[in-house]
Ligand SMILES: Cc1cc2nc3c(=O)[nH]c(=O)nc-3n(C[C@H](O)[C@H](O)[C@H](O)COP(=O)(O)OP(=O)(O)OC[C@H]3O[C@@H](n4cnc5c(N)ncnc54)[C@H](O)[C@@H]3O)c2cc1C
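Taking the form predicted alone, here's one chain by itself in structure tokens.
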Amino acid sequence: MSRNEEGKAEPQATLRVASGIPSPMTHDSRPTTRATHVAVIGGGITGLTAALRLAQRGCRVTLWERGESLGGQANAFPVAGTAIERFYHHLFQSDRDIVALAEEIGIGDRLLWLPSNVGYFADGRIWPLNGALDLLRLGFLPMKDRLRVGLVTVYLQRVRDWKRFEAVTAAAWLRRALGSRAYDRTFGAQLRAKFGRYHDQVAMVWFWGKIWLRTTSRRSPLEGERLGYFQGSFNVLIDALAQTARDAGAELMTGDGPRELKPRDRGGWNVVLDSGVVAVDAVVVTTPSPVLARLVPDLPEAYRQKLGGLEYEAAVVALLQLTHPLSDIYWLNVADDDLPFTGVIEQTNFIPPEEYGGKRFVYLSKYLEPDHPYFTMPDEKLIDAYVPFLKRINPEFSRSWIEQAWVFRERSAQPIIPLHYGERIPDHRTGLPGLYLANTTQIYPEDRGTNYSVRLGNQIAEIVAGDLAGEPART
């Protein structure tokens, strides 16, 4: 399956950042050769990290975030005396960049490592899936197919050369390796859930990355997987990162953003806001690619074509506050195609309900195309559409269990990874002097996530600072 945790969750048992995870990385804080003003567009994790690093290099930095809150998709909102993310988040033990950042900004002690468990919903029932023995018990598959799934997973865990998978789709490779029956009920079901109409176009390198991440996230193949979470929500990281950036001299503006970026005749850029125009030496755009295309009408045509050649899946996430647990599983993959949601993430089977005043929280996740009716359906009607199917998860479920419900949508949630994606990624340098792009389409072969957003912020800051200082370009 796309997740391969072992061991049952024991919410009361926690493990702080332990040995085996590298100490915080050091970053070059050499000043640039002249006073410069850099604009960062977008206040997600990448933008905040880039703002911090550029400020540490001596740049004057102004970050603009059109929303009212920083943190992007990792941002949390207040509930039950604490906070919870709009879109579910956790870390893996292989997420070294974000762990190092947390240590650097003084919140390493707030990062907990907790046992996790995973299940698979197929043929109307929950099947635990926390290791090889559970795989052998998957009664909706014949034994031959269970063995093939296990052998293919073990094989992919041992592959190092991911480039061999750039020229073949995951659907074709997995169907050939597993057979059509096993593929359709397991990995194929998950590809359909994740990528919808694009499920048979996604390169195998994307799927390999999911399997590889599970492997590198354990210190030993015999141990159960522990996932990371900031005590108090990911806002703990976002707030500390924002404050550290401010302390380094960065100015962070929320509730405002540019409507256009214009090159200046003598070099640099004008950031055109509703409130006026700000002149800067360079601009780092960390928003989804269509936003850059809209902000800069005169992008080089070849670069604009690269931006337009990449597509995203959207996401709709319903978050329910319940009086009772829905199941005993944290991460439940859904294989039955007739269910309207494709993942059930029960936060309070990972983080103890005591952290939320005894309340229970469940995410119902759905990846879809932006033209899907669910993307614009009124929130209450979406919840109404979901409720009958919750009884499939738990026959005792009652609508009366729902105390509150929220629906969150993201148009550019998941970049679609087609064949030869590495050749299609737009460069960080846009072809216009002083204009840069750093977003999730450039995270490869890994998939998007907060750890890689931190890494991307570090990388783009180094590129920009090096260009401003006249250092030789790095490839």
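All of these numbers come straight from a predicted model, not from anything done at the bench. Each residue number is its position in the shown sequence, starting from 1.
The form predicted in complex with this ligand exists for this protein as well; it is not shown, and the discussion that follows is about that form.
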This ligand in the predicted complex: contacting segment from 99-107, 151-159, 198-206, 252-260, heavy atom within 4.5 Å: 252-260
Which pick from F121, W113, Y386, Y367 sits with a heavy atom within 4.5 Å of this ligand in the predicted complex? Y367
Answer option from G58, G434, P426, G449, heavy atom within 4.5 Å of this ligand in the predicted complex: G449
Using a 4.5 Å heavy atom cut-off, state whether H37 contacts this ligand in the predicted complex. no
Residue-level question: is W64 within 4.5 Å of this ligand in the predicted complex, judged on heavy atoms? yes
T287: touches this ligand in the predicted complex, heavy atom cutoff 4.5 angstroms: yes
Does R304 reach this ligand in the predicted complex if we count a contact as any heavy atom within 4.5 Å? no
Let me know which residues along 101-123 have a heavy atom within 4.5 Å of this ligand in the predicted complex, or say none if there are none. none
